[in-house]
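One chain comes next, on its own, written as structure tokens: the form predicted on its own.
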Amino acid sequence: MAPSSSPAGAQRALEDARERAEALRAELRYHDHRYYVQQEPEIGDSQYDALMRELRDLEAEFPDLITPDSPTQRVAGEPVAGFGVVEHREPMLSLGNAFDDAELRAWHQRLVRLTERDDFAFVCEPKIDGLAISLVYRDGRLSLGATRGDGLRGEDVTANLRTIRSVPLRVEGDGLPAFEVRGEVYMSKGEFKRLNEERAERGEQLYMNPRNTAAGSVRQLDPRITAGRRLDIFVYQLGWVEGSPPSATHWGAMRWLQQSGFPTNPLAARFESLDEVAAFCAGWVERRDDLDYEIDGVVVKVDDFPAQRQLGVVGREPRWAIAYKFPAEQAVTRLRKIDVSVGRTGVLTPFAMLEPVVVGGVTVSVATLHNEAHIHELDVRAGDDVIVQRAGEVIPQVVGPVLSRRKGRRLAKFKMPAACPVCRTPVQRDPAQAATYCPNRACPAQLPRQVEHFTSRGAMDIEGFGEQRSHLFVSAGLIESLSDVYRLPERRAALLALEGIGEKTLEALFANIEASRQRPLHRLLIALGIRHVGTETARDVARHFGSMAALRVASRDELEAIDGIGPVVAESVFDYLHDEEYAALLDRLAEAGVRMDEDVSARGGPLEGVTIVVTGSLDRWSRNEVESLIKGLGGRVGASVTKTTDSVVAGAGGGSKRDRAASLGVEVIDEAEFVQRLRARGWNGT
């Protein structure tokens, strides 16, 4: 909105900008209140950031429009009636944002320009998505705990913060008479899941996300409610100090806090160059879902306190720090329709048809709703405005409705159809899974998905199929059963007649089909898509029996005797193997030369009979690599820590599994100890 060159035009541009700025401020204040005070947001982070950026741009172009109460000049939020008001001795500032590498480097260039130096060291750590708080210690004891509030005034929540076990009630403090510590209270993903499971059992509406739940837990008038939520905290900054500061750098202050008993993030790191900072930020974009808590970016700070003081503050933001924000993962849009798909096993799965919205940098128009029970737990209805979430590359999901926008509107509750939407066969219910499914094995919707699964990487790993070609080959009549995958080389002419299929494509496809014949038995069991049989169960079954021939004559009791397999899984495997149609399929696959046995050389290996859980970020191997090593040496990889777990191999992070191990008395070892024990058992690998 560049000003016109004429005086009249310039005045009109200014008035237009003033009107738009006021509208933006009103909208931002409304959403601030919904988010910080009521914990009921109506828009996602990306939409809020877009509004704030538009207002910043207007105020940069027309500086006369800046007002002291503009959302760009103060931290959002306000104390809630019922708590005492705390005046912060030093303002609790917010952070400016960088949304990509270019904006991060532009921030660095501003630092260089303002200080005329470029030898900064930086401290980086994951940006916890929680509630910012201030802790004041006097004579080594916690005397006050407050929320950030509006940055100048917060709420006195001392009693609630005392209930958080990771908040020290007393510290040595190296003789400092008083000091302030700032941190972020958060709720782990595991605790969030536990709370929602309890609420679902009581028929209560589910919480939206860990951040809002943590904030609401801290701001309860009854501290006993806070105590029951199992919150945690990471300290991220030493605030004001009475006496001599313990260090001249942020990194040194954080080490002092850690030594004094405060929980600091072990993933924090110090770097000497911006290239290292950029690599650290990019790395956490990819690995954020490995953590047991939510992060929405990386905080980057200039390490040197004198440089921080020189750079100072602009508006509500320190110039010496910035938040490198990840692509937004939540947004609000309209749920146009709840539709139903039919999966490879015949299970009917509802999904959301949405008004297109950008979430995490991707335009989303379809999102999962899991199952009918989940829809009713969320109370999501067609026509609702809903919050959509996307984590990494995971399929987008509907988090819940924006109930405030439903008022006065009559929206019908969802009901699963009585007949299959594809073949019109009456559907049936599976009480064990609370699932609705189409019992018609000839249903046209099922076979293409079965072929896609059969040929997928985790199953028979036949590159060249995928969703589109699986549907193409089925619709062309070239595949009428899974065994027909191995007859495709006999149908070269018909394949060449299909659009997009040439000689080179077929040569590669046929080579991949041939290679798949030698996949071990457990891969075949995965590929068959037997209900309740996942990767670990398939491995256990294949390793136990060694061959399909032995498996096909096994009794239900023999199947159930395998460690980790219960009666439901045993029944499912037994019924599949003794079904006439599926038995004929196995015979045809054997005739096609598909391998029907398992390499059991791992039996008698150094880890035979040992169950190990792997958690956190390891240094020497990736988690997948160490799990494959355990299985290759005859051990079993546990998905969760139980009484039968022998040990937990833990790297950085992995908090919930560490806690679970401690509560059950299961030992926790690091990667170095794990390697040492393997060598003691005769392993001589690298």
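Remember, it's a predicted structure, so these values are computed and weren't measured experimentally. Residue numbers run from 1 along the displayed sequence.
This next part talks about the form predicted in complex with a small molecule, which is not shown.
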item: 4.5 Å heavy atom contact with the small molecule in the model of the complex for all of Phe83, Thr147 and Glu180; value: no
item: Heavy atom of Ser94 within 4.5 Å of the small molecule in the model of the complex; value: yes
item: Lys301, heavy atom within 4.5 angstroms of the small molecule in the model of the complex; value: yes
item: Contact of Gly315 with the small molecule in the model of the complex (heavy atom, 4.5 Å); value: no
item: Touches the small molecule in the model of the complex: Arg523 (any heavy atom, 4.5 Å); value: no
item: Listed residue that, although the small molecule is not shown, lies within 4.5 Å of it in the model of the complex (heavy atoms), from Ala331, Ile128, Cys438, Leu335; value: Ile128
item: Option touching the small molecule, based on a heavy atom within 4.5 Å in the model of the complex, out of Gln237, Ser188, Ser260, Thr163; value: Gln237
item: Option from 550-558, 86-94, 107-115, 443-451 whose residues, in the model of the complex, bring a heavy atom within 4.5 Å of the small molecule; value: 86-94
